[in-house]
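First, one chain by itself in structure tokens, the form predicted on its own.
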């Protein structure tokens, strides 16, 4: 089962992606496309390959086979002396990564830098943005995520929800074409989840192109345009979110949904218990 892989140029397109760790096949031929303004929710039980998919898209993990295109540009691959697949051009990878913003489960803020410093560092050093302009942009983003009053604080002084909102602002500071969010609420206490989901909801309303690995079924139904359900490293079901979340076709997806936070309000009472562990 393959999501949209037609000829229309996509903001992001992956084709037949495979990834194994030792004898464990984590991704087994995944293909999907995200067009401009798409918000794609990626769902599945633990071990289904959700996080690995995002890491392979931006080459944090190198896929064993398959292709990744960003705005029609293929990320070229080759093989090293040991026969391991590797990017053919590290400079291309560095450039592509500036177009793919990544938000991790556990924030990954630099602990020795203030919130403001975390946000301006990459635009200044990687993109060559003048410092004054980078600070102006950071202040704008901090207001957007509700953290302007925390701009001079260090991450240790923030709550988990504040850290994750700062991490989102840091990713946005690179002006990415596609934002990849890897379970952005999974490391948060339940009462902090809503503030992060509200920021993501606002970004979706702005027309941001996003791939979101999430357990929040109500949120996916309300915010995402399409949902992709992974099972054992393959796309088991996909389609418009409201359609397939209301009327899942496969028994496996129905069982997954019955174990989640189905039916709860998307932004007011989010839960982090939305993943079924049944393989």
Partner chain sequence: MTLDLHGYGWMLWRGLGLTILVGLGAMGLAVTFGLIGAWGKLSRYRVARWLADTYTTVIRGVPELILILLVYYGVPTLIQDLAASAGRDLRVDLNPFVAGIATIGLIYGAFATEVFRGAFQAVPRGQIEAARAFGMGRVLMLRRVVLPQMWRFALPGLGNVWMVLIKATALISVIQLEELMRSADIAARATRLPFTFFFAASLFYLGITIASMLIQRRIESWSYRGAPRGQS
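Numbering follows the first chain given and starts at 1. Keep in mind that what you see is a predicted model, and the values were worked out from it rather than measured.
FYI, the form predicted in complex with its partner chain isn't displayed, but the following is about it.
With its partner chain left out of view, the stretch that reaches within 4.5 Å of it through heavy atoms in the model of the complex is, among 193 to 201, 70 to 78, 117 to 125, 135 to 143, 117 to 125. Of the residues given (28, 231, 35, 55), 55 alone sits with a heavy atom within 4.5 Å of its partner chain in the model of the complex. The contact with its partner chain in the model of the complex, taken as any heavy atom within 4.5 Å, belongs to 59 out of 41, 245, 59, 45. In the model of the complex, at least one heavy atom of residue 154 sits within 4.5 Å of its partner chain. The shortest heavy atom separation between residue 97 and its partner chain in the model of the complex is within 4.5 Å. Looking at residue 111, you'd find a heavy atom of it within 4.5 angstroms of its partner chain in the model of the complex. In the model of the complex, at least one heavy atom of residue 102 sits within 4.5 Å of its partner chain.
Residues 170, 171, 174 are the ones in 161 to 200 with at least one heavy atom within 4.5 Å of its partner chain in the model of the complex, listed in sequence order.
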